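We begin with a single chain expressed as structure tokens, specifically the form predicted on its own.
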């Protein structure tokens, strides 16, 4: 496995960073009722970023998990209020499992960002909550999902259901999606009611683990990006804030804390990149994705919490952006499994060998 970024990867990172710096406005979701940063989403769509993982034949960028992780990390740095990670996981599933006719019809609007996709992961609770049945040439979905992460702005949902002893994936635009208040308004969750909703069964067979592995990796990348931005903000603040006539960054206790934060950020990024490369190579990435989620989200919460402390009283004010980062990383830690949950999965897998 070649673990190295190319010049194209670095250019992509610079592009996303520049777009976010100019266009991202995460506070808009707190100041109003918006479910998505429409200005940023529109620019990302125009730049072809939203569909970077979609094959080129369907107006996508033809990229893979490595490119998607770079994007997710930079969006995390900006606490961007766009559902990129979930949208990317849903689009990849359609690309892998859809028939040629389904790909042509579904992937073009997803690649352009004209449709915003949400995804329901095949957890035991979700599979129990939704039933699918055939209705002539189409399918119907019934049931209720009480919580779908970052689906407040979704216009289409990718939903798993049992069919003939397998987990099959269906696409529906007929679900009643209701946004839910959450701690992080830049990633608005939603509930979905499937009242005999019209749906379409993707033709491919079960790959139930892949969407979750990709989504956990992208969410971990968001957390790593948020932590890196909080560290950068704090390092700059400690050179500007003076006590006893000196920058507080010259104090030994502060320097040690910053050094620990840097190590935590770099460990988080390494875990995320490792999972991305495993996914790109087509390997079974369950353990790599769990490691990324455990390390990145756990470290991100610690780093951002330390950033708040090093800012002193201003760190807990509404005007300071650190609360946006803390909301993001705490939400990501809870959304796709806690660090202890993922460490338990890794331990169980190792002990079973």
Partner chain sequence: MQQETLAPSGLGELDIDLSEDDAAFAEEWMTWLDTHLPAMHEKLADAGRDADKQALARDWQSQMAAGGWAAITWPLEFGGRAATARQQLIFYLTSAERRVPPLAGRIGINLCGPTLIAHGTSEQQQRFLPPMLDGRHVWCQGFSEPGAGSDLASLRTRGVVDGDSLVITGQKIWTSGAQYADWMFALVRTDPDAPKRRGISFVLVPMTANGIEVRPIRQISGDAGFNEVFLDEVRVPLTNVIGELNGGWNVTRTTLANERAILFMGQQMALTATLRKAITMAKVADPQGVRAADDPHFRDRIAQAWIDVELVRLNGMRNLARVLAGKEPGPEGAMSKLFGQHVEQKLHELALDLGGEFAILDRGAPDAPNRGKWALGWLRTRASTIGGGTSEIQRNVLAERILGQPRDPWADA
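Residue numbers count along the first chain shown, from 1. Keep in mind that this is a model prediction, so the values were computed, not measured.
Missing here is the form predicted in complex with the partner chain; even so, the following discussion is about that form.
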Are any of the heavy atoms in residue 38 no more than 4.5 Å from a heavy atom of the partner chain in the predicted complex? no
Check whether residue 285 has any heavy atom within 4.5 Å of a heavy atom of the partner chain in the predicted complex, and answer yes or no. yes
Contact test in the predicted complex: residue 8 vs the partner chain, heavy atoms, 4.5 Å: no
Please tell me whether any heavy atom belonging to residue 154 falls inside 4.5 Å of a heavy atom of the partner chain, as the geometry stands in the predicted complex. no
Please pick, from 79, 271, 117, 214, the one residue with any non-hydrogen atom lying within 4.5 angstroms of the partner chain in the predicted complex. 271
The unique member of 208, 250, 99, 142 whose heavy atoms fall within 4.5 Å of the partner chain in the predicted complex: 250
In the predicted complex, which of the stretches 191 to 199, 99 to 107, 272 to 280, 134 to 142 has residues with heavy atoms within 4.5 Å of the partner chain? 272 to 280
So which bits of 249 to 272 sit within 4.5 Å of the partner chain in the predicted complex, heavy atoms only? 249, 250, 252, 255, 256, 258, 259, 260, 262, 263, 266, 267, 269, 270, 271
